Each structure stands twice: as C-alpha cells, then as structure tokens.
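So this first bit is one chain, no partners, the form predicted alone, shown in structure tokens.
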Amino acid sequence: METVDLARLQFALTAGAHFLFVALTLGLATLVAVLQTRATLTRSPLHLRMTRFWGQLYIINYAMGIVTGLVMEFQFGMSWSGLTHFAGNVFGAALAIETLVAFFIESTFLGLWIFGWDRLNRWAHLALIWVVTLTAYASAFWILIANGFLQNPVGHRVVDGVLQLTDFGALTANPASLVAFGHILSGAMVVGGFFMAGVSAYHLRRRTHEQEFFRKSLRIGIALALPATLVTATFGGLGFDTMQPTKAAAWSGSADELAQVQADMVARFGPGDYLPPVELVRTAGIVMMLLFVIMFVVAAASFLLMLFRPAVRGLRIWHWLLTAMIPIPFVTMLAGWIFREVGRQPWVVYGLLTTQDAMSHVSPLEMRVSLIAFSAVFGLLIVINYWLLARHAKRGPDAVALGSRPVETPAPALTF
C-alpha cells in the first residue's frame, strides 16, 4: 500500500471513530435537555432521575469524544499539511470557530451543569444544559461548513497558489454544508433515540424494578427516532442534488455515465484518473439505504407497539429486537460517511486540490508507525467507551453519581 493510501486509511479510521462519539453526543444532549425541561416545569421526580441517568451516559460519551477529537486534530496537522497550506485560509476559519465553540463554550457550560446540581437555581441549571446542547449543534454546523467547502468550494479565489476567502456569506450558505448539517443532525437524533430505546428495552426484558422509569424512556426514544428517520431521509434525498458528478456516476454504476464524466474531467483538468472507487462508493450507499429501511420499519412498528402498555412491559421479543438495534444507526452513519467522503476522491478540495498533493512529506515508515499508533489509541478509546456506557447503563438509575448530594463530612468529635 502506498503512503498516500496509508494516510487516507489513517484519516478514515480516526474521523470515522470520532464521528461515532459525536453522533451519540448530539442525540443524547437533546434528549437530556428535553427531559430536564419537563422535570423543571412539572417538578417531576421521575423525570429528574431520568435526566440524571441519561445525563451521566451523555457525559461519559462526551468525554471520550473530546479525547478522540484532540487525537484527530494531531493527525490532521501531521499528514495533511498540503491541504492546510493551500486551503487553510478558507476552511481553517470554520475549524477555528468550531474549536472555540466546542472547547470553550460547550465544555465550560457542561462543567457548570455537572457541578451545578443542587447548587444553582433550577432555571439557571436548565439554561446550562440548553446552552450545552445548542453549542453542540453549533459545533457540528461549523464542522460541516468546513467539510461542505471541501465538497463544493465556494466564496474563494486563488492568489499566489493558495486560496483566499472572498465571500463569507457564500461559505456559510453553501448548499453542500446546510443539507449535510440537517442530515447529520437528524441522523444523530436517530442514534440517540434508538440508544435510549435499546437500553430501556434491556431493563424491561430483565424485569428490573425500574419498570416505570424505562417504560417512559423507551417511549421517548421511539417518539424521537421515528420522526428523525423521516427528516434524515428528506435531507438525504436533498443531498443527492448537491453531489459531485463523479460521485453521482459512481452511485449509478452506469459504464456510459462513468466514461462521460471521466472524459469531461480530463478535458477540464488534463490527463488522469478522476473516478472514485466505484464499488466502495456503491456498497456504502446501498448499506446506508438498506439499514435506513430497517430502522424505519422497526421505529414505525415500535411506535404502534408502545401505545399498548402490556406490550411495553412484557413483549420480550420486541425488547430483544430494540436492544439489538442499538449499533445499527452507528453503522448506518459510518456507511453514509464513507459514501460522502470516498465519493469525492481523488480530490480533497473538489476540482482544486488532489489527495496526493494535499499530503505532507512523510516517509512510509513514519506513516506506518503513526497509523498503528492512532489505530491502537482509537481502538482502546472505543473499547473503554463501550465498557463504561454498558457498565453504567446496566447498573440503572440507582447507581447514578451525577447530581447526587455530597456526603456530609462528620465533624470531628472531641475525645478529651
């Protein structure tokens, strides 16, 4: 395998792994904010316990996501200095805003929310989780502004061999970014909804004593997942209108269309192979579509079943199915991500900079060592995250530490 292929594999592994944490973070943050809003308005002890339980799972996933994001930034700078040099003046601004939003605003307010239980006014505490949720949305928005520019470069000009931003409005209104933002955000709601429903189904199947707690949680998860699948499909359909010609030809698989697009690209850019890996793009797209159909059918059937209390409490085969569905939205999002990113190859900035030219001057040995190191780190983080989430999810709401009152330190007794 050539060095550029190793670099692409490294980016795919790190970005794909980080993407999994981001999707669950966005979905769970929304659910926790809604639960705390209900608890604050109604003073419901049950919804307050639900906020604490699902909030603790959210925090575990968020912490791991931050770590993977830091590692990804490091590999980005090490392997893709050509991209930074050529287009950093344009898409670097969006990445910088995302970093400020994620690391300073979101993290700060999340810290206040974690340590503000029983110390802040309940309305102020509610406002904190909504700030955290909205800044998570803003972080995703600016990442997709940067990614949308790579897919469909707008609002720029080339000066002395590098890009300069000329129209910030065009950059932020890029259809390739806005459609993807709607698609990703609604997809994250599908992830969060199926996660909540799956964990709840596990406890209902095991007949734990928290039946009312997880019956309500299962309904909330399904009530979010079903409409979110429809919104995701809508934005996904709109996304086909913003695809590059080469990706559209790869998706169709038509030999005539592929030949025509290749000829057009040669006429425009000179000799070369401008087609993405056709089979990989088609396979990723088909997997994404099939899994979406499965999720829609399960969510629609679950929506009907949850209307009947006996089914929610006792239909174990349904509980098994919902628990088994937890990883499906993650796999679907990864397939969609491969379809989106691989489909624009061999370009990093479509029509302006190839992957080969975007690479840093890294030796094959250095690239292999870094690939092994990054793979090991990300693999370890994924295993730890899965173990922590599963451990705390199985323990149930009685074992939640978030928001629990600190143990009063006894005053020392005089012994004389």
Partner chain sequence: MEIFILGFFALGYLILGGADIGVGMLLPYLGRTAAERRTVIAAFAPFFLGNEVWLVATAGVLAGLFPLLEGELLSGNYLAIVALLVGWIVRDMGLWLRGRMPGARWQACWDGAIVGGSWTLALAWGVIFTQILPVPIVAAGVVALLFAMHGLAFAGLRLTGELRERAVRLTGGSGEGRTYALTAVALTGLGVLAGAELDLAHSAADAGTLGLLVPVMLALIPFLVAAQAWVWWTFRARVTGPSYL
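Between two forms, the rigid core is the largest collection of C-alphas that superpose within 1.5 Å. All values derive from a computational prediction rather than experimental measurement. Positions refer to the first chain, counted from 1.
What follows is about the form predicted together with the partner chain, which we do not show.
Does the partner chain come within 4.5 Å of any heavy atom of residue 374 in the predicted bound form? Looking in the predicted bound form, residue contacts with the partner chain include residue 374, since a heavy atom lies within 4.5 Å.
Wondering, does residue 92 line up within 4.5 Å of the partner chain in the predicted bound form on heavy atoms? The answer is yes: residue 92 has a heavy atom within 4.5 Å of the partner chain.
Are any of the heavy atoms in residue 235 no more than 4.5 Å from a heavy atom of the partner chain in the predicted bound form? Outside the cut-off, so no.
4.5 angstroms heavy atom contact with the partner chain in the predicted bound form for residue 357: The answer is no: residue 357 has no heavy atom within 4.5 Å of the partner chain.
Since the chain is shown here on its own, which stretch among 122-130, 321-329, 266-274, 176-184 would lie within 4.5 Å of the partner chain in the predicted bound form, judged by heavy atoms? Comparing against the partner chain in the predicted bound form, the contact stretch is 122-130.
Only one of 393, 9, 15, 402 has a non-hydrogen atom within 4.5 angstroms of the partner chain in the predicted bound form; which is it? In short, 402.
Which residue among 48, 34, 67, 352 has a heavy atom within 4.5 angstroms of the partner chain in the predicted bound form? Selected residue: 67.
Counting only heavy atoms, which residues in 365-385 are within 4.5 Å of the partner chain in the predicted bound form? Heavy-atom contacts within 4.5 Å come from 366, 367, 369, 370, 373, 374, 377, 378, 380, 381, 384.
My question is whether residue 364 is one of the residues whose C-alpha shifts by 2 Å or more between this form and the one not shown, given a fit on the rigid core. Yes, the C-alpha moves 2 Å or more.
Can we say the CA of residue 269 moves by at least 2 Å between this form and the one not shown when the core is superposed? False for residue 269: its C-alpha shift is below 2 Å.
So with the core overlaid, does the Cα of residue 87 end up 2 Å or more away between this form and the one not shown? Superposed on the core, residue 87 moves its C-alpha less than 2 Å between this form and the one not shown.
Mind checking the CA-CA distance of residue 389 and residue 101 in the predicted bound form? It differs by 3 Å or more from this form, so is it closer or farther? Relative to the shown form, the pair is farther apart.
Say whether the C-alpha atoms of residue 102 and residue 66 sit closer together or farther apart in the predicted bound form than in the form shown here, given that their separation changes by 3 Å or more. The answer is farther, because the C-alphas of residue 102 and residue 66 separate from each other in the predicted bound form by 3 Å or more.
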